[in-house]
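Quick heads-up: it's one chain on its own, the form predicted on its own, in structure tokens.
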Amino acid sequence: MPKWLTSIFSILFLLPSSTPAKDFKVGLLTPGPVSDKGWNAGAYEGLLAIETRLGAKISHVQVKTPAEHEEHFRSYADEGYSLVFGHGFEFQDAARRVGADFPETVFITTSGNTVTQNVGAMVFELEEATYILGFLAGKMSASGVVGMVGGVEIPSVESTFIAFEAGAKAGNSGIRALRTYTGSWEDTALARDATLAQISQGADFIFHNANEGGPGVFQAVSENRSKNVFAFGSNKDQNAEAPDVILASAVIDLPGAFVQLAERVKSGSYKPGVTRFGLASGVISVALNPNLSGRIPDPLRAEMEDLKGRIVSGKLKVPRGNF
């Protein structure tokens, strides 16, 4: 079939077509700095992996307001980008609006559920890992109080907290769970203060989902090391950030997930939808801190492995939010 006729058929029947490497341009919008060693850093590593493995031209912009979300989505589309990631639940509305005007660009948001002809989403089932961390905390807590510190209150973060609390109560039905949102992804001082307040209320295991605020959580926990207070990392393996107090991390292999979807977009095989990654996919995992491995009794490790197996097999459905 002549090339011009193939092109017409692709347009008329929406058939996918591959994109030559030299023409494959991928953009990324993040809600915070890629120096956060967590959520945003992982996405940027994913963008770099796309450049290395797929030969793509890449670009990144940190944005703060919804107006900027739409502005930069449009800018990338105007420049002929094949794929643009909006890294967060909050990018969905802008992706939908801009996607309608630029049908040749694929927009993928993370932690969302908006799907159109050229807008899709990735959902990371981090809840499956935070449930296990919650169970660990519930089993090991001496005070019977655990804490959670978040940045901005959005459904995807709240969902990880719902799972963490459910896991803690599965480990100890009498556990009390504290939950604090600072309202900021970047303010480490607020995160530290929120953590200190929870510790003053008896929390001895604290999970964060606060992006760049995470170091503030680790600092507060480190200041209370003598009280046997421990922290959990999120989104990346953050164990090395405070190896004396971070017991484990709930990890997302963001680079692996980003490359998977970018490969599909580049080959023309991507079908917009909600792509989910859980423990079974290998994208989600629990990373124990080897420096503190002796703190977790062997029988409890075995229980955690059993939980993982039940989650992967589908026998255990982890509680989560609706989004």
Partner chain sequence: MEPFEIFLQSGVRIATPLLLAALGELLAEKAGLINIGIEGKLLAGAFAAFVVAASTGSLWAGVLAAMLAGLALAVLFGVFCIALRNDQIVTGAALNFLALGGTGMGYQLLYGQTGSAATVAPFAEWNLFSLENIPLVGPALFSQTILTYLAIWIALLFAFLHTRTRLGFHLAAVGEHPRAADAAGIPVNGVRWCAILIEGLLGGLAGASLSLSLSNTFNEGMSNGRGFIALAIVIFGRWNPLGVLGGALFFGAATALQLLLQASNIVWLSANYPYLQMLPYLLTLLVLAAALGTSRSPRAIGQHYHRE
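Positions refer to the first chain, counted from 1. Every value quoted in this text rests on a predicted model; they were computed, and no experiment measured them.
Below, we turn to the form predicted together with its partner chain, even though it does not appear here.
**Q** I'd like to check something about Glu70: if you look in the predicted bound form, is any of its heavy atoms closer than or equal to 4.5 Å to a heavy atom of its partner chain?
**A** Glu70: no, not in contact with its partner chain in the predicted bound form.
**Q** Can you tell me whether Leu190 touches its partner chain? I mean in the predicted bound form, with a 4.5 angstroms heavy atom cut-off.
**A** Yes - in the predicted bound form, heavy atoms of Leu190 and its partner chain come within 4.5 Å of each other.
**Q** Test of understanding: in the predicted bound form, would Ser35 fall inside 4.5 Å of its partner chain by heavy atoms?
**A** Close contact exists here: in the predicted bound form, Ser35 approaches its partner chain to within 4.5 Å, heavy atoms only.
**Q** Can Glu212 be called a contact residue for its partner chain in the predicted bound form at 4.5 Å between heavy atoms?
**A** Yes, Glu212 sits close enough to its partner chain in the predicted bound form that at least one of its heavy atoms falls within 4.5 Å.
**Q** Taking its partner chain in the predicted bound form, would Glu153, Arg179 and Gln198 all count as contacting it (heavy atom within 4.5 Å)?
**A** Per the other structure, all of Glu153, Arg179 and Gln198 touch its partner chain.
**Q** Pick from 200 to 208, 125 to 133, 101 to 109, 84 to 92: which stretch has a heavy atom within 4.5 Å of its partner chain in the predicted bound form?
**A** Among the listed stretches, the partner-contacting one is 200 to 208.
**Q** Just one of Ser143, Asn118, Gln219, Thr114 has a heavy atom within 4.5 Å of its partner chain in the predicted bound form. Which one?
**A** Of the candidates Ser143, Asn118, Gln219, Thr114, Gln219 is the one lying within 4.5 Å of its partner chain in the predicted bound form.
**Q** Exactly one residue in Ala194, Ile246, Ala77, Val157 has a non-hydrogen atom within 4.5 Å of its partner chain in the predicted bound form; which is it?
**A** None of the other options qualify; the answer is Ala194.
**Q** So which residues in 296 to 317, when you check its partner chain in the predicted bound form, have a heavy atom no farther than 4.5 Å from it?
**A** Result: empty, none.
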